[in-house]
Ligand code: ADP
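Below, in structure tokens: the form predicted alone, a single chain.
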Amino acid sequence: MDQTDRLKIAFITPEMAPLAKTGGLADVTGALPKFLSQESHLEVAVWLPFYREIRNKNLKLKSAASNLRLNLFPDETKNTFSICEYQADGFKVYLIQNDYYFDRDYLYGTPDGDYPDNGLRFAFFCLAALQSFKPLNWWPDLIHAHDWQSALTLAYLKHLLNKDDLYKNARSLFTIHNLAYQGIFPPEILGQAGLPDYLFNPEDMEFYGQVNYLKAGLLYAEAISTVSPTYSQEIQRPEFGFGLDGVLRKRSDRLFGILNGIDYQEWNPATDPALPAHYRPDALEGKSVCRQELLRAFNFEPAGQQPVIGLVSRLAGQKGFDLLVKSLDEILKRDFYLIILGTGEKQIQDMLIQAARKYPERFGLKIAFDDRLARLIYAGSDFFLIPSRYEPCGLTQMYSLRYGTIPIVRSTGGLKDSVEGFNPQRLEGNGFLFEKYETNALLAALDLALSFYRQEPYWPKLIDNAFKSDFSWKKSASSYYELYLKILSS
């Protein structure tokens, strides 16, 4: 392939920051196209459902196409759609508008559970995205689909649109952001989504008597990527494979791990508007101000000399909260402040609330999604704790390093790929890791980290190493570009 040609890459994704977000997937699909678009050989566009959350932002949109029809359903409200265009930073976003499916309070479901028609909602989105190429006169060289909500694009390309010359030449990449979420639906969803019944077999989309959307992405994409090199190995084992490890082992020659990045312009302690004071590696006074402000926010003594350990997370078992809650009595025997921000599973929230009442002088808790406070925690903490059971990539350790805050993490997935254990002899490494998912291992990592706190020459060097860690998107985007070229030339 002539690399001087401008390659067209279509991102198909269920969420994208800052337009619509529930988690880290949105951060990736918001940042990666921006950095890929800086590559002169690439033209990137993103396809996204037009959710109510986006409508409420009152963005400057223009109509790109209207009254398009899928003919999957007899009811006109369920089969027509329009396309709105939004100009993002360096790339266009095409919003698939169908109010019946997407004009709802939440992206995937209410706090009580998923929407019962999610199988149809995202089948509609995938097929509408593919069929929008023609009215937009925009034909991609490569389709890059993300997570189970976008996986049916690969099934449609292979089993519904495969006789159409306009789609035949498009290559594909499917990215797994979290294998635990797979999109599993009853068998009749195949027919309702316009896919052939013969796909209901174990070699295709059947999965223990159900239909698995994510499996379609794994089987039908030309290549598969996931969000860290270690996670790409872990998901081929039963412990992390969620029933799909066999499929992934079969496709291991087409499975690639590329570590996510973060946007160093957006996450910058020298300019972050959420912080009460700014700072740089060579001028850290502002970090002390952030620390004092953080302690005040949780009614702790701002002049306290004890270390501050922060944690910003979804409050879920995957994130290590079953281990953390079980270990809290032992953890809080140590002399530091623990500050946690997040929302999640009610049982975990209730146990954390109980612990915060028991240890009001050392444990600060806020059950909320609060971006401003999260940034203050990244900046004002001394250490940042991530005890995840598994972690495909993780971004919070990258944010903490960017803000000169030392991560203490479990050695799994992207955490293992981005945090290097501190070596006091060589003064190398940017954090602390523990292997076993158990209280004693977590406590040992905490004790080791605390032993270096404000100790010369170790503590200044740890902070310096944190600031020098490079997890900018520029590096990751370059790896994706190389993978695109590999797929297109194979």
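Position 1 is the first residue in the sequence shown; the rest follow in order. All values reported here derive from a predicted model rather than from experimental measurement. What we label the rigid core is the largest C-alpha set whose atoms superpose within 1.5 Å from one form to the other.
The same protein also has a form predicted together with adenosine-5'-diphosphate (ADP), omitted here; what follows describes it.
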Self-check item: Proximity of G24 to adenosine-5'-diphosphate (ADP) in the predicted complex, heavy atoms at 4.5 Å
Solution: yes
Quiz item: Within a 4.5 Å heavy atom cut-off, is R389 in contact with adenosine-5'-diphosphate (ADP) in the predicted complex?
Solution: no
Exercise. Indicate whether D370 is a 4.5 Å heavy atom neighbour of adenosine-5'-diphosphate (ADP) in the predicted complex.
Key: yes
Quiz item: Does adenosine-5'-diphosphate (ADP) get within 4.5 angstroms of any non-hydrogen atom of C84 in the predicted complex?
Solution: no
Quiz item: So which of Y399, W148, F383, Y101 gets a non-hydrogen atom within 4.5 Å of adenosine-5'-diphosphate (ADP) in the predicted complex?
Solution: Y399
Exercise. Identify which of S411, T343, S132, T80 has a heavy atom within 4.5 Å of adenosine-5'-diphosphate (ADP) in the predicted complex; exactly one of them does.
Key: T343
Self-check item: One stretch from 317-325, 190-198, 123-131, 215-223 that, in the predicted complex, holds residues within 4.5 Å of adenosine-5'-diphosphate (ADP) by heavy atom
Solution: 317-325
Exercise. Indicate whether the candidate residues Y108, G119 and Q182 are all in contact with adenosine-5'-diphosphate (ADP) in the predicted complex, with contact defined as any heavy atom within 4.5 Å.
Key: no
Quiz item: Which residues within 372-392 place at least one heavy atom within 4.5 Å of adenosine-5'-diphosphate (ADP) in the predicted complex?
Solution: A374, Y378, E391
Exercise. Determine whether the C-alpha of P229 shifts by 2 Å or more between the shown form and the other one once the rigid core is superposed.
Key: no
Quiz item: Cα of Q349 displaced 2 Å or more between the shown form and the other one, core superposed?
Solution: yes
